[in-house]
Ligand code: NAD
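Take a look at this single chain in structure tokens; it is the form predicted on its own.
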């Protein structure tokens, strides 16, 4: 069936998020609530949301609002009706009665519940109505969280369920898993259990919250918040309600019951208003000392707060085997947590799903884990796992695996989708090269480079891999959340701290050479970004020949924030793009002034659609909703460009000194208005020198190498400055900019 119109009933956080994502996909949607005023306010919240729920504000035109009394007739025209009202079964039953009286024959009806079983939701429906009813459990925020769980029942028309899955995957861009009707479905059942194990084991082993979060974080392939930071982010009171729901729904002998028991300290935090970030604080809180904000952490034994000190485990890279083999309490904690998660997840197969791989995908898509429990088991190794594990009675999955000792038990990844993804094809590839920052995979007719550093930050090794992979058509693509957050500032500052500026200059030159090599390579180069593509990450992207972009990107040149200017060709490429406009053909200063504004203010776009007006992306760049389609569309481009010829080199005519003076006047106004301070002025002047062409005039033609040289000189002058180094150190320490 084709879905051309959707009605969403309930305009709270989830209903609004679902409606916004439908808008993003250009699907007409009607948002209904008790009153039109409530729905209208929800529409306004969608428009003003931060981070934005819409990929472009104009998408709001796809949404109409109304109320469930006067406008319920809209249901009769909808192909899909989504119920997203409060989690009260009586209210839901009343809504369903109205929907099934009004809906057209064959339309899909679904609930966005996260906890109520489908058998209870549908108990008052007829057998015929049950065929078209399911649960569609989106994760919040809907635009950014990839996971969607479709919960089916034995009554469903499976063709219709599969049709809905296909729509949600291709049109809404969701990683869509079909689940059985069990408490918590897939993601929350395992994800919440994992959180509770990490918490209860930290209490039991007397770890500090900082120690626990350092282990149950990046070293396990889990987001850096860890468990206590994540509890604060979600809300300690909300988590308590989630646990009560599991306690109620699960049998008494379920292992979840042991870790869901109320913890006195948690109860006390809730009672005193310490419910997490939305309250006065939680396990962590901000406090003022000498008029300065200081982060404090709670002592799990005493309940007292003290200044939080980041715990250094020695490595933030995911390395499960070395982590669990550490001969200290952190290794013991890691093994205790990981082994319990693996045991629990495997004990639920085939009850919650007969595809154990789907549990891993749920953890990746819904909780941003790098690897799920079964892939972690594969990484540990079957033999090693059973040598370490103490018991696994009544666990049929592990009992069977212990007998077969099959190290290749895992099979293929991402079975939930028919799309050809990077995760699916990597195991079939030849690994050409691997260093500390990237891997090269080789196929019959193309190469892939995947960055592997924290946030995929770029360094010398990253450039090596890119340069070495251009002996065939190249696709630059990552499974990680980010394409690249830019050049590794820590890598750069290590040299600066030693006064080794020659090595920094050598690296920037190599970065420039590599980007130029990508642009003019014999074979086509494609960048397929998702997530962050900032600074140096954008410079790689914009000097690729083709771009296939996920709609959920954050893209821009943000170097001025840390007291630098783009030096990998970012200034050059933006100048060239803006110089191709009609306005620039009539005014030689138009393009440089536009770029001066964009780079100077470090403007970013929060979607592929927003990126185009800034010329971070071009009209011909592909912009797609489904991240799982990045690879297949990239391959199509390669297939259609077998007769590829590199582009012609760019030439520039810039005004030089008169243009630079215009830019400095703009800076002086900002300085006088105290928008920028002393060093902001210096950074602006260096940027002005690059974008004006330096010592040139409008009759002189500059080549790309001339612009690269200007970028490099400005970058080196700034990186040698104490003020820039102060900015970088502050940003690395706090994650926030320093204005100096």
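Model, not experiment: these values are computed from the prediction. Numbering follows the first chain given and starts at 1.
Keep in mind that the form predicted together with the ligand is missing from the display, and what follows is about it.
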| property | result |
| --- | --- |
| Interface membership of residue 343, the ligand in the predicted complex, 4.5 Å heavy atom rule | no |
| Residue contact check: residue 60 to the ligand in the predicted complex, 4.5 Å heavy atom | no |
| Contact flag, residue 140 vs the ligand in the predicted complex, heavy atom cut 4.5 Å | yes |
| Residue 68, heavy atom within 4.5 angstroms of the ligand in the predicted complex | yes |
| Option touching the ligand, based on a heavy atom within 4.5 Å in the predicted complex, out of 447, 308, 107, 112 | 112 |
| Candidate from 263, 313, 294, 91 lying within 4.5 Å of the ligand in the predicted complex - any heavy atom | 91 |
| Region of this chain that lies against the ligand in the predicted complex, out of 591-599, 420-428, 77-85, 370-378 [heavy atom, 4.5 Å] | 77-85 |
| Triple contact flag 9, 15 and 34 to the ligand in the predicted complex, non-hydrogen atom at 4.5 angstroms | yes |
